[in-house]
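Given as structure tokens, the chain that follows is alone and in the form predicted alone.
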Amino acid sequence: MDNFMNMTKDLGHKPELQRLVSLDATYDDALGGKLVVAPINMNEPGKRILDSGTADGTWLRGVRSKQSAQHHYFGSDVEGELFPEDTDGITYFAHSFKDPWPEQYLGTFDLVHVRGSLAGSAPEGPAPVIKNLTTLVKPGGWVQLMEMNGSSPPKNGPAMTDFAKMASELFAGIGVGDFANNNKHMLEAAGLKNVQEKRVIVNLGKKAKPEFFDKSIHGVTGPLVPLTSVAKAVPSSFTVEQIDSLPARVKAELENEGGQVEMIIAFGQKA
């Protein structure tokens, strides 16, 4: 995924952060505002929550805004340049989830969360990353993973269908495979208990609520250009011309017909 990271850097951080805000609002609506799906008592103060791949902490701020109790929030990202200048009480630190975590954080968190980042585990794949995440959680704490189902998506129009197929082939090509559908199994293999899975349909474009029409399209189509760059570097059933035309086709289809994606949330508890 180095091509993806390099292209988003070249485009500038601000557009990507704006896209993440749009996507976060779309997911928040689909989840009915329940960003923490794992069964944690958030009314009990003092929870320690880490968001790995946090970018500018949008998810953390969303979680905090819904709580009456006070908790401790931490955000990590391989790109420390994404962190806001005003940390607003959140602790940020630069870190790749492929690497061993700093010793001071081991076994200290009630919740460790990752969303939309596990493709970045290539080429080793998500299993060692997920195992690594479990070292952060205290006994009784939870790991929560949320990823888009690219291998068996909802029924859509031809452009969104091609987008899902391209994503599936891309993930196979970079070595991460169908991780969204396998996260539950990988949490179990990492030794967590009470592992569960929740699937949520997210409406996009014309199928979304009017107030999420633009946000849902922007959130999903924003990374398409860098993703197609990666897709051209792996074995594919698409021609280069078909890959290049995909971003415009998807945007037009979402505007005119709408579409859907399925988010898979897997979570498990440390014994």
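Residue indices: 1-based, along the sequence shown. Note that the structure is predicted; figures quoted are calculated from it, not measured.
Beyond what is shown, the protein has a form predicted together with a small molecule; the following relates to that form.
For the three residues 178, 181 and 220, a heavy atom within 4.5 Å of the small molecule turns up in the predicted complex in no case. The stretch that touches the small molecule in the predicted complex, counting heavy atoms within 4.5 Å, is 76-84, out of 76-84, 151-159, 164-172, 193-201. Although the partner is absent from this view, residue 97 contacts the small molecule in the predicted complex, with a non-hydrogen atom inside 4.5 angstroms. Put simply, residue 144 is far from the small molecule in the predicted complex: not one heavy atom of it is within 4.5 Å. Of the heavy atoms in residue 20, some are within 4.5 Å of the small molecule in the predicted complex. Residue contact with the small molecule in the predicted complex: residue 262 places no heavy atom within 4.5 Å of it. Proximity to the small molecule in the predicted complex, taken as a non-hydrogen atom within 4.5 angstroms, holds for one residue of 246, 55, 227, 208, which is 55.
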